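Just the one chain here, the form predicted on its own, laid out as structure tokens.
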Amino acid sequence: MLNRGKKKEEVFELLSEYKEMDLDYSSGKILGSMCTKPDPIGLEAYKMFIETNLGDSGLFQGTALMEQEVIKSLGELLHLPNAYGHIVTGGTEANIMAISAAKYIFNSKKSDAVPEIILPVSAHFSFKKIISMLSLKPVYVPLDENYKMDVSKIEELITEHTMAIVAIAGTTELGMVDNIEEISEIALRNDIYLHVDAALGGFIIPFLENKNNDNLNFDFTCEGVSSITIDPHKMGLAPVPAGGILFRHKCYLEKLAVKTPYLTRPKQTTIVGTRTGAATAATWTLLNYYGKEGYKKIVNEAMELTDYTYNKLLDMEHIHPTCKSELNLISFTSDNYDVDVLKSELLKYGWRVSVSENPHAIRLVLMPHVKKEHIDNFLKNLEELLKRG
């Protein structure tokens, strides 16, 4: 730390230099991120509530009321009018909360057992953190030919030590949605906690206007679903950080409660203590500003661009799409480029794509900041590379 501070102008000149090093969503060059450019309306609300702290919610009763309304709105979107939960930092924290609640429930029944968690190999890497943090035994389920959790394998993996099952509504790598309706029936039949990680899909599937929507029953309409992760800072267009966790029953959320005797509320039911209310305000604002019709338009524009890109890639020589994604993700390989080499070559043009592991492929995420002109430029550069390959 400096002994004497700098002038404001000098500080902001340095800030500008750091900012220039960052990529800008508006450039359309970011093709591998599940986050996107925040909506200006949400940013305005975020700034308005920047000093609020929901960790001490008695001081910010209006913001706390907004959080209740947001959870109710998200619950209704996912067919649970009386949902319980919080707006948190993101999918990782939401997943931690859900699996922690599941462990508390499990330990109340079988305190001496080593808890086992059944999850697909396509589960988000946050579950690796959770498994380590909570000392769980992972039991991985292979994927079927459609890159979804192989439901036929689940029941044979259940033991008396099974604590929870995790299913994914929008896999991070390929955007696939597990057969949660069938998984829910298995969870119900065996009295096992079922958590659905819909960090991506939660703000997409309810708004789809295509035949896929009829087959993607992922939410609380499935009676065995105990909790759902849903991230407003993805397709909800809220500023980072804005994740969400919803529980079917209040008693699940209450498992996380700790006493907070020196604050304005007697307990907390979140992982973090100090918690910005700005993310809640931004989410509340966007839900009210866009409504279902507004989000339907946003989602279907992204899906139309996804279909456009997929079809262009399908017709391109030397390119092989991995699968037809159910959401706004595309993955592909090339027969004249190694995947990692192709990623590096695309970076020379400024394109930031990512790589999936299973299968090993180039991965594109068509978020709202990506426009048709960006994709056309990307495809042009890709064709130039393929001719040289």
Ligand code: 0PR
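What you see is a predicted model, and the numbers here were worked out from it, not measured in a lab. From 1 onward, residues are counted along the sequence shown.
Note that the form predicted together with the named molecule isn't included here; everything after this is about it.
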property: Stretch in contact in the predicted complex with the named molecule, which is absent here, among 233 to 241, 305 to 313, 113 to 121, 264 to 272 (heavy atoms within 4.5 Å); result: 233 to 241
property: In the predicted complex, the residue from S27, N53, S33, Q68 that sits within 4.5 Å of the named molecule by heavy atoms; result: S33
property: Contacting member of T276, T285, N179, T172, with respect to the named molecule in the predicted complex [4.5 Å, heavy atom]; result: T172
property: Contact test in the predicted complex: N95 vs the named molecule, heavy atoms, 4.5 Å; result: yes
property: 4.5 angstroms heavy atom contact with the named molecule in the predicted complex for V225; result: no
property: Interface membership of G75, the named molecule in the predicted complex, 4.5 Å heavy atom rule; result: no
property: Contact test in the predicted complex: G91 vs the named molecule, heavy atoms, 4.5 Å; result: yes
property: Members of 352 to 375 lying within 4.5 angstroms of the named molecule, judged by heavy atom, in the predicted complex; result: R363
